[in-house]
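Only one chain is given next, in C-alpha cells, and it is the form predicted on its own.
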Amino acid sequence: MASEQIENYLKQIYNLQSDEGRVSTSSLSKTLDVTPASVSEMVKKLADEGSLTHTPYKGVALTGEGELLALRIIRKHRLWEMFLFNVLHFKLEEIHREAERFEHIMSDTMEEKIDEVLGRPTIDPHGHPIPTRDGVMRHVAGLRLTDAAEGATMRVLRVNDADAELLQYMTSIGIALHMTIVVKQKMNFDNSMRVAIDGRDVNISSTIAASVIVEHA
C-alpha cells in the first residue's frame, strides 16, 4: 500500500497533468507546498518505482501504473465527498478538506460498501467524475462560464472545489450543479458578468465565472 505522501504526489501529478501535459517540478512544489529539493527526491523515488517518468527540463508524467494508482485515490476521495455530503450532510465547502483526511485510510471493503450505499454515483457533489474501480475516468465536455456568449443559457456541470471560501460564496448566491444560468451582460473592462440565477440578477467576478464549468442548456 502506498504511503499518504506518495498518494498525494500521484494525485496532484494526475490533476496537473490533465491541465498542463507534462508537469514541472516547480508546479508540484507550489501545489503541494513543499521544497523543490523534497520534490526532486520524491520524483526520483517514484521514477525508480515505475510510477512516473522524468525528463530533465521537460517535467514528469505518470506511467500507466502511476495513473492507475492516482485514479484509485481520486476515486476514494470523491466517494468520501459524496458520503459526507449526502449522508452526513456536511456543507459543500467542507467536504473536500474532510475527504483529504479519509481517502488514505479507506479499505477496499469500505470503498465498495460506500459505493453501494450511495447507489454507485458517477459524479461527486462538485460535479467531478468518479473513476471506476478499474481506473476509467469519464471525461465530460464543458466550457468555463467566462467563455459563454452574452445571452446564452447555460447549465452548471461542475464547480472548482480548490477554494472553500470561494465555493461557500458561490453556494450563497445560488450557483449549484444542474442550475441554469443566463448570461445577461459581459463586462469587457474586467471580465465580470451579470447573470440570472433562478430568476435573480447577480453580478459575478471573473474569478467566480472561471470556476464554473457549464454546457448549453
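Start at 1 and count along the sequence shown; that's the residue number. The model shown is predicted, which means the values in this text are computed figures rather than measured ones.
Another form exists, predicted in complex with the DNA; not displayed. Remarks below refer to it.
- Across the proposed site, Gln168, Val202 and Ile208 without exception lack any heavy atom within 4.5 Å of the DNA in the model of the complex.
- This chain is displayed alone, yet in the model of the complex one of Thr153, Ser192, Thr53, Ser40 has a heavy atom within 4.5 Å of the DNA; that residue is Ser40.
- Remark: Lys186 does not count among the residues lining the DNA in the model of the complex, judged by a heavy atom distance of 4.5 Å or less.
- Interface membership of Gly64, defined by any non-hydrogen atom within 4.5 Å of the DNA in the model of the complex, is ruled out.
- The DNA is not drawn, but in the model of the complex it has a heavy atom within 4.5 Å of Ser26.
- In the model of the complex, at least one heavy atom of Val34 sits within 4.5 Å of the DNA.
- In plain terms, the part of the chain that comes close to the DNA in the model of the complex, with a heavy atom within 4.5 Å, is 26 to 34 out of 145 to 153, 171 to 179, 26 to 34, 158 to 166.
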